[in-house]
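Shown next as structure tokens: one chain only, the form predicted alone.
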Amino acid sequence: MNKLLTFIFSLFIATQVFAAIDTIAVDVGISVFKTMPIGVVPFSESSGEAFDWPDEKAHEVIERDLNLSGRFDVISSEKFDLVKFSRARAKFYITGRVEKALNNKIKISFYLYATQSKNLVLGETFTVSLIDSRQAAHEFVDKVIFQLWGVHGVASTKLVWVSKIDGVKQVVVADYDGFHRRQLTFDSTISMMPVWSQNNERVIFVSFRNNKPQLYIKDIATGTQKRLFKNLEQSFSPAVNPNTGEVVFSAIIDGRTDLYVGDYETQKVRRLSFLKSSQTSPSWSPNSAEILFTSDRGGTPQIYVMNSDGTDMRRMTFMGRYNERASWAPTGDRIVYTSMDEGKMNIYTCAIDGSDIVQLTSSAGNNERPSWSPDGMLITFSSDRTGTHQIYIMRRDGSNVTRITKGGENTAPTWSWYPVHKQTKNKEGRE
């Protein structure tokens, strides 16, 4: 196995323990993007009724979502304070009400008000279990973002990543903020490199259950799984086409590593590259017209781009001796990737022609495996800056770094697509 592949697979050898989630925010820079001040007031609760919140109260979830979104500066207040909100230029504020409902559920109402007039701008009520109140808050924040910014938010999205459980690397899935984590794989061998299917219903990942890297797909709801592209003995580094659902991946045949595209429904595969060097870590452009990938054809790993049919292959990165794992922003304007600086891995972005290089992380351990949020505002990545690999989220300019896992070793995060319910009206449980 060549140096490039050896390095890739060595990233997944570590000792981990499955642990509880917490969130620790560490600001490492000032955002250069415009944010909107917004007030948040604790929700009123029915008199004489106690609510056993599983992790955070509703307004705390709202605050976290707004802060993580990269679009707001939260102004917290224990009660409505016109002077405080006005001084902070918060033109809107969020509050709500919680009441007990039948069948051990709660009725939780969310309100977005205009600060000066106190006119209701947006309101929504959910009847849910306490455990599902967090998801209700996520959905309301996404609606607030759409109301005030005209774009979809990402609070209702999810992350999938790799965590070592009982000594074995497994695939886990969680809300985008790290809560409600759930184990997906239960193998006695390594599982790694997870990515989402086009509709978020399945996860494609690499398993070593046959002592070789091979692609599998697992249905999240049913737990059923199957091996993909059985005619290929070794396959890894999957990436899903955002428009067709096809999978581009690397496969090793006769000692050579090239890129292939396959349909996981029909199992049909076609070869994209025919080079003597190794091609790994592919990523589709938002319009599916081009593919980024890593190749050592120039002697060291660098990022290249080609048309989706394998033609017009050209080098993207020239600064630095080691650049890998690039992915296209959903907005189509930037590329994020990992580069080695003096023996440490750091995260950079650049324009789609390789110019305008911006370093996002520095002096904080190894930072790698970046993945864009579906709105292109945020980047999730793994870092060992605290001594163990954990999952973090930062804004696309590198500011507002937030740790979303604690304990053990957690690596290789991938952000989901927008959830299907964003296009579905009259969702069950909504009034």
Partner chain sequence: MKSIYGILIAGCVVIGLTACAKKQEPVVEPVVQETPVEEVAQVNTVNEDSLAALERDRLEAERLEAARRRLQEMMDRLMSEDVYFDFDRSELTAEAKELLGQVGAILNQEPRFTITVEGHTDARGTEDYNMTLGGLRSTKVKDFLSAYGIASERMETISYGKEKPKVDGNSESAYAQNRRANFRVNVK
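Positions refer to the first chain, counted from 1. Keep in mind that this is a model prediction, so the values were computed, not measured.
Quick note: we don't show the form predicted together with the partner chain, though the next part is all about it.
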Heavy atom of each of Thr35, Arg71 and Thr125 within 4.5 Å of the partner chain in the predicted complex: no
Per-stretch contact check against the partner chain in the predicted complex, the hit in 63-71, 365-373, 38-46, 400-408 (non-hydrogen atom, 4.5 angstroms): 365-373
4.5 Å heavy atom contact, Asn211 to the partner chain in the predicted complex: yes
Interface membership of Met306, the partner chain in the predicted complex, 4.5 Å heavy atom rule: no
Exercise: Met345 in contact with the partner chain in the predicted complex, heavy atom 4.5 Å: yes
Interface membership of Gly255, the partner chain in the predicted complex, 4.5 Å heavy atom rule: yes
Single option in Gly262, Pro301, Gly178, Gly96 placed near the partner chain in the predicted complex, where near means a heavy atom within 4.5 Å: Pro301
In the predicted complex, the residue from Ser109, Gln198, Gln135, Gln234 that sits within 4.5 Å of the partner chain by heavy atoms: Gln234
Sequence-ordered list of residues in 143-176 near the partner chain in the predicted complex, where near means a heavy atom within 4.5 Å: Lys169
